[in-house]
Every structure is written in C-alpha cells, then in structure tokens.
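The chain that follows stands alone, in the form predicted alone, written as structure tokens.
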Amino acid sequence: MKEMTLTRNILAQAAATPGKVALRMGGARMTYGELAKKARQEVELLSAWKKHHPVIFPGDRGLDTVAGMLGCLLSGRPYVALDPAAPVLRQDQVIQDVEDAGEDLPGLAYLMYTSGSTGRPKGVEITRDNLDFFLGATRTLPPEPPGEAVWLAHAPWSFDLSVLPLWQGLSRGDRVVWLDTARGVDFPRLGEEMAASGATCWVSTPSFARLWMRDPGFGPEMLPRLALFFFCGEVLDPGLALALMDRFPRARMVNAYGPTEATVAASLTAIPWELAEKGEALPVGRPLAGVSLAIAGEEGDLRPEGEEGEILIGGPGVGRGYRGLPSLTRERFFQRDGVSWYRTGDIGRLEGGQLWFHGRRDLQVKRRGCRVELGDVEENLLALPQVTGAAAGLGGDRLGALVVTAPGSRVTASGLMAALKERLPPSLLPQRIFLVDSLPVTSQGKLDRGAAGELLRARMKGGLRKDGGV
C-alpha cells in the first residue's frame, strides 16, 4: 500500500514535536504525540477487521474521531463520518449502504454521503490520491509558513468543507480549532472559543460568516491574528465580502468552488476590494494546478470562452464515483485522454481564465452550504403515510414544501414537520410546509415545477395561512 503524503507529514510532526497542540475543541486538546499514539492504537484495533473495508465513526466523538480517521488512513481503510445532526433513520441508511455493498474498497481515503434524489443519501468515493493531490495543491494557501497557522473550522467531519482545515492543518503541522456547532450557534460560547483560538485561517460557508456579522464584537478584537477567509459551498455575496473586509482589513479573502465529487474545491481566487465594490457576481476562481475546467453544451459539445453551459471538472481531484450506484457513476464520471472528469450539473462560464457560477440545471439547491436534492425532501415526505403529493423548492433563501394529504386526513403541517425530523437532518428540513388541495400539473399529468415554484414562493411570503402552513 502506497504511503500517503498526509500521514507521513503528520507522523513526522508527531516525532519532531510530540507536545505541540494539534487539535482543540472547547476544553479538549490533543497533541501531535497523542494523535499519533491514538491513531496507531486504531490501526491495531482494525488489524482484525476486513482489509480496505470502510470504517464508520459517529459524528459526536470529538477529537477521538479524528484519531480514528487518521488510523483508517494509516491502515488503508476508508472512513465514513456520520452527520451528528442527522436523525437515527438517516444515519441507519448510511450504515446500511456501507454494509450492503459488501466489497472492500482499496485505495479510498473516505466515503462522504450527500443528499440523493431518491430520498436516500449517496456515498461519494474519494481516493487517497485524490486527497493527497488536493492537499498538495492548497498547501500554500495560508500566508503563514507550515507549523504556524491556526485553522478555525465548524463543519462536521461528515461535510467536505471540514477536509481542508482538518487535514491541511495537520499535514502542515499547524493547529486546528474546531467549533462544535452541532447543538446550534451559541454566540457567547463560540465567541469565547474563537477569541481564545488565536486563529489565522477561517474556513466556512458564507452563511456562517453572515451569522457572525450580527455580532458587533466580531472583528479584530476577537480575532486579532486572522489573515485568511476561505469560503466554499455556496455563493459569496459581494455585500458580505465588503462587510467582512471592512471588519477585517488585514485578512485576505478567497472564494472557492468545487463539489464533494472533486475533493472539496477545484478552483479558487482572491477577492480584492475593488472587485467586490462593483456589487456584481463574484468569480469562483481559477483551476487549481493540475485541474482542468470546461464548459459543455446540452449535447456534450465544449463551449468557447464566455458562453454558458455545464461545468466539467477534470484532473487528479475527481473521485472514483458513487458507492453501489454504477449507473449514476457512469452518467456523471467519465474518462477522456486518460484524465478523470466529472459532470457537475452546475451551470457557469469561463472568462479570462476565471470560472463564474450561474446556478443548477437540475433540482439540486444549496442551503447553508449543504447540498439539497429536492427529490430527497419530496421522497421523504411521500414516505409518510398521510402524504399523497409533495413539491419542494426555494422561496428566496428558504426551503419550503407544498404537501397534499389523503382525503379525510387530520394531519397538520406541524405534525408533518415533526415526522420529517425523524427522517431528515436539519440541513434538509423545510422551514415551511404548506398543506394544499392539489399540486399544479402539466398537460401530461406531471408535476408542473414552474407553477409549483411560483405557488410556493407566494406562500413563503406569508400572505396566506388557511392552507395550514407552518
């Protein structure tokens, strides 16, 4: 088994400075020496386990989970981190999917589960080479030399935004401070943790930073060493970028783009004040060294610079496919001239070497930086015995759903919401559910997505309550 650059760097750091703090979460700390020791213990425990078989970790084990995941990488077994906020049913679906496929997965670093249009999450297979490539391509992202940066992260280990601060930070010999937001954003507690962190690198979705802009104390007094904002997972608004630049004039702002299937990010770019000040949509970056980007038309033809189409990503960061879903893998992943490519389903354009994101061509949306397949929400609503029809969508930046129930049913929108919480994690839950007599359909009898979207947006404005909205 080929040794990963990541694991080699971490073990070298542990040998050189075993007492240096590697990880911190709340009052818990773990040094590089302790991390390496616990990881090796995990390797011993796994020695009797199936070779290359995925190992599942609950999402609420804190720093011990990181040691366990490192042990998996050392032993050649991929890890799977469960979403701590997901209900038991959703976690069980992931566990069942991992076990049902049965076969070992040599060469994988991790399986990361995202929203699936069938109502069940789907596992993205990221290889050890994928992860090493991404970390190598982003190693110089922090302005500090290796060993001196302090990464501030909040994303659960089950979300790929955590990959950059966690594994890049440890690979460089830096310190990683993880904010536990699984119980919600507790501003006083998290503010104290951030102030004590000494953070130099902030990694989050724009939504998380926007939450903190409400706090007048969020500034250089709280984070005096902050030198980098790294945003990925959703659109960065120029107004938010300007507001952050005003609060943190010494911090560099980087906007990045990339789906889980391409190992966190495929492109990134620095956003200067002059660009954000224009108030126009911001670019999502130039490709990482070794990554190729292309724009394809509906027939797969490549579009020239400046024209809109589907974003294609090629290169060493493209994952292997979807676990147990060969048809979907063949549809989205392909080889061209010996290079792995992924059809993202995102719409964009290339201009001046920069990539610009224009939205989606399908029913996938982003909410709080998390991927949401509208079909996932709808299928889980339809799985409830009282529901006979469902249509989910966005009203502004809020997720909502129109629901038709069986004749004579006494179910309420709040009752449906309570039942849905047993099936979906918070990131996939509609903020509003509206009971309607019927859904709009086309002349062919299919759901009229356009008309349903208009109806949902009208309801989301709060004008009508007789439909049982909650």
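Numbering starts at 1 and follows the sequence shown. Worth saying up front: this structure is predicted, and the values here are computed from it rather than measured.
Not on display, but discussed next: the form predicted in complex with a small molecule.
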Inset, instruction - Check whether residue 255 has any heavy atom within 4.5 Å of a heavy atom of the small molecule in the predicted bound form, and answer yes or no. - result: yes
Inset, instruction - Verify the contact flag for residue 293: yes if a non-hydrogen atom of it lies within 4.5 Å of a non-hydrogen atom of the small molecule in the predicted bound form, no if not. - result: no
Inset, instruction - Evaluate residue 117 for contact with the small molecule in the predicted bound form, applying a 4.5 angstroms cut-off between non-hydrogen atoms, and reply yes or no. - result: no
Legend entry - Partner proximity in the predicted bound form: residue 260 to the small molecule, non-hydrogen atom cutoff 4.5 Å: yes
Inset, instruction - Go through 349, 90, 286, 366 and name the one with a heavy atom inside 4.5 Å of the small molecule in the predicted bound form. - result: 366
Inset, instruction - Name the single residue among 360, 303, 398, 139 that comes within 4.5 Å of the small molecule in the predicted bound form, judging by heavy atoms. - result: 360
Inset, instruction - Pick the stretch from 90-98, 232-240, 373-381, 294-302 whose residues have a heavy atom within 4.5 Å of the small molecule in the predicted bound form. - result: 232-240
